[in-house]
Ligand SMILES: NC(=O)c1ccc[n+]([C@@H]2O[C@H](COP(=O)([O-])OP(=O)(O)OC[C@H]3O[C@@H](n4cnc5c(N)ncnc54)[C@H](OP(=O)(O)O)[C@@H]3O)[C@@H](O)[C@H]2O)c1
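In structure tokens, one chain follows: the form predicted on its own.
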């Protein structure tokens, strides 16, 4: 049985990571770290953490517990590097929430620490385990819509104010790009890079007009792959809308409606240019379960996780390119 600790009992940990770990036959929730003792205690009580000392406000103390085998890091972005290095040096495997870090130097520190201590470092890009997304990725890479030409990804939500930790330089570096954009970049590369090569050009427009944040509120990112295929991404915290992914090839297109999020649902349509659009069936499943399964299997078999540290580092590199030259960046 794999004993799992959670660092950062925020919304994603409480809503998805903890239930996934608690419901898996090979894992159990062991302990939790929070900056707030009250929050840690509430989390431990809600999920029935079974460690004799289930709550911590000090990471070093949590990591001294030899019964902790793996850690899910769901803390603010700027805390990732220090926490992951500490986990690795304590011999704990890590499932890390996105984005990996806020600089490439931090990414390299984490990668080196995990390699030196022979622990798994997996990235938590759960949308790769959406059953519909996996079906589409297989279709486009098998040539079912012909040569790939363009991808358009749109995912926004309306923040009530600028109190989110991602808008603060002390805890984050990106806002809309860290909340949604990092997922969109990962999905775009996952769908296109196997056949179209790497992204070779990144151009961005950033708006901060609603909250006057130091970080991106709306980001329009334009990408080009080695093959010449193109992609565009729109993410925002300024307005609400349904998510959509569109993929265009020489002999057809695929449209994914409301598939992005934590739910594993939505609708997908395939247009082959001759018979019109038809709905694609997929069995909805919780993508966090697939993500956790991959993490466990990578520990058991010592194979690389599907979304490994190199993928996480490349995503950070693209996020940095997206804000290069913009006054929405802050250190």
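The structure displayed is predicted, hence computed values, not measured ones. Positions refer to the first chain, counted from 1.
Form predicted in complex with this ligand: not shown, discussed below.
**Item:** Output flag, 35, 39 and 97 jointly within 4.5 Å of this ligand in the predicted bound form, heavy atom basis
**Value:** Yes, all three are in contact.
**Prompt:** Looking at 192-200, 113-121, 72-80, 217-225, which one sits within 4.5 Å of this ligand in the predicted bound form if you count heavy atoms only?
**Reply:** Residues of 72-80 come within 4.5 Å of the partner.
**Prompt:** Among 208, 128, 255, 166, which has at least one heavy atom within 4.5 Å of this ligand in the predicted bound form?
**Reply:** That would be 166.
**Item:** Heavy atom within 4.5 Å of this ligand in the predicted bound form - residue from 303, 262, 26, 289
**Value:** Of 303, 262, 26, 289, the residue with a heavy atom within 4.5 Å of this ligand in the predicted bound form is 262.
**Prompt:** Taking 4.5 angstroms as the cut-off for heavy atoms, does residue 171 touch this ligand in the predicted bound form?
**Reply:** Taking the distances in the predicted bound form, the answer for residue 171 is yes, it comes within 4.5 Å of this ligand.
**Prompt:** Hey, in the predicted bound form, is residue 22 touching this ligand, heavy atoms inside 4.5 Å?
**Reply:** Outside the cut-off, so no.
**Prompt:** Quick one: does residue 183 come within 4.5 Å of this ligand in the predicted bound form, counting heavy atoms only?
**Reply:** Although this ligand is absent here, residue 183 would touch it in the predicted bound form, with heavy atoms inside 4.5 Å.
**Request:** Examine residue 9 and determine whether its closest non-hydrogen atom to this ligand in the predicted bound form is within 4.5 angstroms.
**Result:** Yes, residue 9 is a contact residue.
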